[in-house]
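Starting off, we have a lone chain in the form predicted alone, written out as structure tokens.
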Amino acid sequence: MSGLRPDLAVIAEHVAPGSRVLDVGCGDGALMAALRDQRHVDARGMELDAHNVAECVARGLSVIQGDADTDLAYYPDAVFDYAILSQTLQTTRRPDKVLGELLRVGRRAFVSFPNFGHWRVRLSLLWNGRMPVTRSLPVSWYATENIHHLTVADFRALVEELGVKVEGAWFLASDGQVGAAGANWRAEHAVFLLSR
């Protein structure tokens, strides 16, 4: 879907029309609005930032202010067809617990994250000896919301450890999608579709 960030476009393309969706860490609501308007999805959101919540409400979206680390517990089991966590997993205190909660409230879950194993990140760290600032990680280490730095390989290991099924995976670079074989060093962002 045009106008969306690349990882959100991948997610939007693969959400079934008419689904019930919870977008956790929904930001300004761009994905929810696209799903509502183009896929006729019943989209709900949870967002920590009050300014983003106000933007979502101004768009006519159903959003609550909440924290993925604690507030997913208030939702009943399997109430959504999809739970979405885009570019938020690395900002949570316990990504493993949040992932479990996503798959409890949603029958399936989309998770996207920046790949800290990308070759530019590795090269910057090697060359400069400092935490990198790159196109996909544009904020210095002391100002970033990222508290967990994960790679595609780290995420694959986590889902295997948790017994989570990977139904689909997309690996994004500035020039489009890259194959799974080289994703850990070539992908800037990853998108996974998961289920139990």
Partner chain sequence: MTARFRSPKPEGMDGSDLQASSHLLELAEPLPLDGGQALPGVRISYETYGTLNAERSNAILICHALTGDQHVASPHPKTGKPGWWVRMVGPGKPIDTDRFHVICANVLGSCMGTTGPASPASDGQPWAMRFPVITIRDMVRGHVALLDALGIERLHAVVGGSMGGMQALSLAANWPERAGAVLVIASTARHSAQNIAFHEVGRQAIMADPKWKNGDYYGARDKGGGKGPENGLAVARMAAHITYLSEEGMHEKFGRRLQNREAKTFGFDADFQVESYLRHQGLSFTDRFDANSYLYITRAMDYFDLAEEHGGKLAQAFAGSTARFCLVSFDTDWLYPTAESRAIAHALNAAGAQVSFVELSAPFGHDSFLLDVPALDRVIAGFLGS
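Numbering follows the first chain given and starts at 1. All figures in this text were calculated on a predicted structure; none of them were measured in a lab.
The same protein also has a form predicted in complex with the partner chain, omitted here; what follows describes it.
Shown without its partner, this chain lists 152, 53, 68, 137 as candidates; in the predicted complex, only 53 has a non-hydrogen atom within 4.5 angstroms of the partner chain. Checked against the partner chain in the predicted complex, the candidates 169, 57, 164, 131 yield a single residue with a heavy atom inside 4.5 Å, and that residue is 57. In the predicted complex, at least one heavy atom of residue 63 sits within 4.5 Å of a heavy atom of the partner chain.
Using a 4.5 angstroms threshold between heavy atoms, residue 119 stays clear of the partner chain in the predicted complex. Segments offered: 90-98, 122-130, 75-83, 107-115. Contacting the partner chain in the predicted complex at heavy atom distances within 4.5 Å is 75-83. Contact annotation for 27-47: a single residue, 44, has a non-hydrogen atom within 4.5 angstroms of the partner chain in the predicted complex.
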